[in-house]
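Next up is one chain by itself, shown in C-alpha cells, the form predicted on its own.
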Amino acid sequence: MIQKKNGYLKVDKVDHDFVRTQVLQKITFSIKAGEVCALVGPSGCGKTTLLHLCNGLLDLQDGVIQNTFQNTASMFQQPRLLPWKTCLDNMTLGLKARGFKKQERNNKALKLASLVGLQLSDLEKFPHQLSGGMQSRVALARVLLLEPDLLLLDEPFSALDIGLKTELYLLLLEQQTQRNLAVLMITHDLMEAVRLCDTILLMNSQPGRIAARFNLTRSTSLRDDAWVYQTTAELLQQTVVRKSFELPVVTNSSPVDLRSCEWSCEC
C-alpha cells in the first residue's frame, strides 16, 4: 500500500521578465495533494517559464512560490533519455543520483516496469531501439521511480499518436490516484486537459496571465469519450477561450446553461 502524502504548491502574484519584456503578470493559483491542474494557452504565453519557476530551474523575480511537497519531479516534452545507456539504466538514473545501490534501484525499476507497459526485454535495449511511445513509457517510469508527490509535466504526450496518448493517460491517472499525486501540466490541447484534469487554468499572452479557471466536477474515471468531446466543445464556445487562442468569437450559438454542466468557470 502506497502511503498518501499531503502538501501544496502556492503561486502568489508572480511576475517575470526577460530583459525588457514582461512574460508573466500577477500569476496566482494553488494545487493540493491529489489534484491535477492544467496550464492551457497559446504558444508564447509563458506556460513553460511558469513551470520552470515552480521546479526551481529559474530564479523567482517577483511574487511568492511556496512548495510544501517533499519530492517534486519533472517530465518534459521529449523523453530525454541518454542514448549510451540502456532503458533500465535510464529509468534508474534518478535513483542512482540519490545514492541507491545498483541492486536496489534495479529491483524498484523491475517492479514498476510492468505497470507502465515495459517488458524485461525492453529494459535491455538502448533508446534508439524503442519506439517513441516506449521511450515515453521509460521517461514516465523514471519520474515515478522517484516517488514524487508533485509531478510537473511539460507537454510529454504532444508528439504521440492518439492510441499511445490514451494508454499513457490511463497509466498516469492510475498512478496519480494510487499515490495521491499532485500534477501540474502544460498542454496546448484543451481536450487533453478536459480528459485528465480537475482544474484548467486558461492563460492569455503578452504578458502571460490567467484569464479564467475552469473547474471540472466529474471524476476522471467516469469521463468517457462522449463526455470529453461534449465538454471540450462547450468550453470552445466560451468567449474567453476563443479570445485566448485568437479564434473568431461565436455570436450565433446558444449560451450554455452552467447549472446543467459538470464544470464551472471563474473568469
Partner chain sequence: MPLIRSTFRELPSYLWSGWGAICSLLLLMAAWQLVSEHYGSLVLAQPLETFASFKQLWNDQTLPEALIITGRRALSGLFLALALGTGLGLLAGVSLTASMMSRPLVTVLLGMPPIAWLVLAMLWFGASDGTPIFTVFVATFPMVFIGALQGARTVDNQLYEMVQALHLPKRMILTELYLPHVFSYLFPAWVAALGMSWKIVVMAELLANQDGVGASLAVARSHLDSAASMAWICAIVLLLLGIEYLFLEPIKRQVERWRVTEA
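Here the structure is a predicted model, which is why all the values come from computation and not from measurement. Residue numbers count along the first chain shown, from 1.
One more form of this protein exists, namely the form predicted together with its partner chain; it is left out here, but the text below deals with it.
With the partner left out here, its partner chain still marks one of 79-87, 165-173, 106-114, 183-191 in the model of the complex; by a 4.5 Å heavy atom cut-off that stretch is 79-87. Annotation: in the model of the complex, residues Leu118, Ser121 and Ala159 none come within 4.5 Å of its partner chain through any heavy atom. In the model of the complex, at least one heavy atom of His52 sits within 4.5 Å of a heavy atom of its partner chain.
When contacts are judged by a 4.5 Å heavy atom cut-off, Thr72 counts as touching its partner chain in the model of the complex.
Heavy atoms of Ser131 never reach within 4.5 Å of its partner chain in the model of the complex, leaving it off the interface. Using a 4.5 Å cutoff between non-hydrogen atoms, Lys101 does not count as a contact of its partner chain in the model of the complex. Taking a 4.5 Å heavy atom cutoff to its partner chain in the model of the complex, the contacting residues in 86-113 are Leu93, Gly94, Lys96, Ala97.
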